[in-house]
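A single chain comes next, written as structure tokens; it is the form predicted on its own.
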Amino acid sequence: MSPLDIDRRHFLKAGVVAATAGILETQEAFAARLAELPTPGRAGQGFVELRDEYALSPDITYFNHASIGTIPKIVREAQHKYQELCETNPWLYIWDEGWPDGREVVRRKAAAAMGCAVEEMALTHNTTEGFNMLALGLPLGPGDEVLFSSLNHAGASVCWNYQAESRGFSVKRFEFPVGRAAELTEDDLVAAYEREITPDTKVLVFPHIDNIVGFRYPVRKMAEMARSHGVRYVAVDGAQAAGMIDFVVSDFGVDFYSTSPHKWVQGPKESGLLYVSEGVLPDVRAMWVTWGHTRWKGTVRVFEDYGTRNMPELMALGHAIDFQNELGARAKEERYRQLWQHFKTEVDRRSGVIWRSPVTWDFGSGLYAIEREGHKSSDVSRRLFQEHGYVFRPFATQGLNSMRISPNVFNTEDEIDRFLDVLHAL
């Protein structure tokens, strides 16, 4: 071996040590910052004290976490630090052993947060990617039917129609009476789906929490109903539930659960999670393959065979989960319930403002729809943003004229009151 070869080996070894040390240093710095946060229960702090831990502009009141959440400053700083590490020596920092080890740490954190086995948790890019994997990879063909309602988000719907054209299975979409949300019950919701199931229905798809009016589906009851009618696969869109409400996905009896942590988990954009029940893992063909396909065959990692990954975002997702764990799943859900109750109470006492979502918390969620009677929702959204800095999502689909409100735990009752006063005064 030449002196040059020896020098190169020493250089690479030193580089690997430096890369791993940089990753550990970033993790330790994040942990130290997290321990100093004014989290609820620490020194008498509440959720509202967290407002300064985000980079939101002081000129806006943000009620649109159901579209895109806001990442905590300390998570964003960790993400940027990982990016800096990568760019100091891209080859070394992307392929150093510290990154794949860190990826598995994130997998363990995600599995614990979702309530499933580590070997059932795939690290994807978003909810849509998870459903595309299923539409392409499940054993479907002529005579098979995929069923979902008009409450499905496009990310959990369009992929089925697209694949049906070439694979020969059929897609059945039925209209859900979303305009009657305030008068429906859980049993009404389950019955609406049960009526549509046929002997051909092989896949049932539905949201855990829909993104329009905020129905909280009784997931286990839905799964049991579907199984009783011979449905083979049950797939759930959890984009609006993960990070908002407390649940254990392995208790639901479903086969797949796909979510986007950039909403309520407040993780980096382009980070996703896909639960694949161990019993159906062999049924799904990978959507894409490269060098890892053989190495990871038979494991959930086969769905992550991307080659080069967005490691800074992936590592920062682990820190976003840490942040949410510090807040506490039950404490967060209680805070969302408090905001829901306050919002509904204030809506009910203002004439001309109409509640368009479920009327009980157990059937509702941290996102809800209201209507300003006599005013087009898109016009209201534009005006209230331009004049007052309110950010929310208007909906004019499926016969609705509603505004979807989705505050986060640091939003306040005073912000809600001021918003409703402005809305009522239109």
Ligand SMILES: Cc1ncc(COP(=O)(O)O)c(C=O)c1O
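One rule holds for the numbers: they count along the sequence shown, beginning at 1. The model shown is predicted, which means the values in this text are computed figures rather than measured ones.
Below, we refer to the form predicted together with the ligand, which is not included among the displayed structures.
None of 181 to 189, 121 to 129, 136 to 144, 105 to 113 except one has non-hydrogen atoms within 4.5 angstroms of the ligand in the model of the complex; the exception is 121 to 129. Contact with the ligand in the model of the complex, judged by any heavy atom within 4.5 Å, is made by just one of Ser149, Asn211, Thr201, Gln266: Asn211. Checking Met244, Leu317, Leu274, Ala239 for any heavy atom within 4.5 Å of the ligand in the model of the complex turns up a single hit: Ala239. In the model of the complex, at least one heavy atom of His153 sits within 4.5 Å of a heavy atom of the ligand.
The closest non-hydrogen atom of Ala66 lies within 4.5 Å of the ligand in the model of the complex.
Along 258 to 275, residues Ser260, His262, Lys263 each place a heavy atom within 4.5 Å of the ligand in the model of the complex.
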